[in-house]
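This document opens with one chain alone, in C-alpha cells, the form predicted on its own.
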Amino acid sequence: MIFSGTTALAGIFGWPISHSRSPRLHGYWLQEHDIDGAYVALAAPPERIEDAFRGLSALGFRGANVTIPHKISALKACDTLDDVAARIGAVNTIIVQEDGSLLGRNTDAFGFLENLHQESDWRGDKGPAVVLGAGGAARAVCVALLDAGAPEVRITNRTDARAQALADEFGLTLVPWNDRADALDGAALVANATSLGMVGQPALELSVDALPKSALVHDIVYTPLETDLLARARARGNAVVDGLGMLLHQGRPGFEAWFGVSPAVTPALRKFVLES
C-alpha cells in the first residue's frame, strides 16, 4: 500500500496489540469509502505510553483508539474529556484537535447500546438490568444502561468491594457474587461484562433458571462468538446478543471524527472482521 502526503492517519494503542481486530475493522471502512487513510496497530509499553500519546500530533495522526492496558493512562494524558469519558473514568478514543491538544472520548457505552438496538428490540424501560463485572467495561455498560432509562441496575462482581464502589458511585443495587443467580429474578436484561467465558479464561458459572424467558442476555465476550452463557440462554428461549457488535459500533464515532465519514455496521462487515 502506498500512502500520499495527505494520507489521514489513525491507529490503536495497546500492549500487546497483535490480537486487535480494529485495524481490520477500520481498514474495511477505509476501503469501502475509498478514503486516502490508514489505521495501524501501535504497540506501546506502559512506561512509554504518555510519550506515545503526545507523539500523535507531531506525527500527523488525527487520533487513535486505546485498548488494554492504556485506557486509564489515556484519561490522564488528554487535555480535555467528554462527559461520558469523565463518568466512565476511561478513554478509548483520542481525537487530535487543530491546536494539537488531545480530546478524550469513551465510545464503549455508545457501542453497547447501538449493538443492542441493532440486534434486538430491547428498551431501557423494559425492566431491571443485571451487570456482571466491575471493571472498565462494566462501568461503560452501567453508564449506558442508566442513560437508556433502566429503572434499576443490579451489579455483582467476584470482588464485592469493587462492586460496592461502583454501586455507591452510580446508585446501583449491589448483589453479592454468591447470590448472583438470584439477581436474575425479574430482570429484563443480563449483561456479562467480565472476561469469564472468554477463550483462555475460566468459565462463567451462572445459573439462568430464575431469568424470565422474556429477558435479553448479552455477553460482551466475542471469542468465542457464542459463549456458554449465550448458548444456555438461547436453549431455554431467551433472546441473545453477542459481543462483536459492541466492538464494531464503538469504532464508528472515532472513524467519523478522523476520516469524515459515518460508517455502518453491516452483516458483510461482521463476516469480514470474524475472518481475521
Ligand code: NAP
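Here the structure is a predicted model, which means the values were calculated and not measured. Each residue number is its position in the shown sequence, starting from 1.
If you look for the form predicted together with the named molecule, you will not find it shown, but the lines that follow are about it.
The contact residue chosen from 171, 149, 100, 202 relative to the named molecule in the predicted bound form is 202, the criterion being a non-hydrogen atom within 4.5 angstroms. Here is the short version: of 78, 198, 90, 188, the single residue with a heavy atom within 4.5 Å of the named molecule in the predicted bound form is 198. Comment: 221 to 229 is the region of 29 to 37, 221 to 229, 50 to 58, 206 to 214 lying near the named molecule in the predicted bound form, near meaning a non-hydrogen atom within 4.5 Å. Proximity to the named molecule in the predicted bound form holds for none of 131, 142 and 164, with the criterion being a heavy atom within 4.5 Å. Within this chain, residue 194 lines the site of the named molecule in the predicted bound form, having a heavy atom no more than 4.5 Å away. By the criterion of a heavy atom within 4.5 Å, residue 178 is excluded from the residues contacting the named molecule in the predicted bound form. Residue contact with the named molecule in the predicted bound form: residue 66 places no heavy atom within 4.5 Å of it.
In the predicted bound form, at least one heavy atom of residue 136 sits within 4.5 Å of the named molecule. Applying a 4.5 Å heavy atom cutoff to the named molecule in the predicted bound form picks out 243, 246, 247 from 231 to 255, in order along the sequence.
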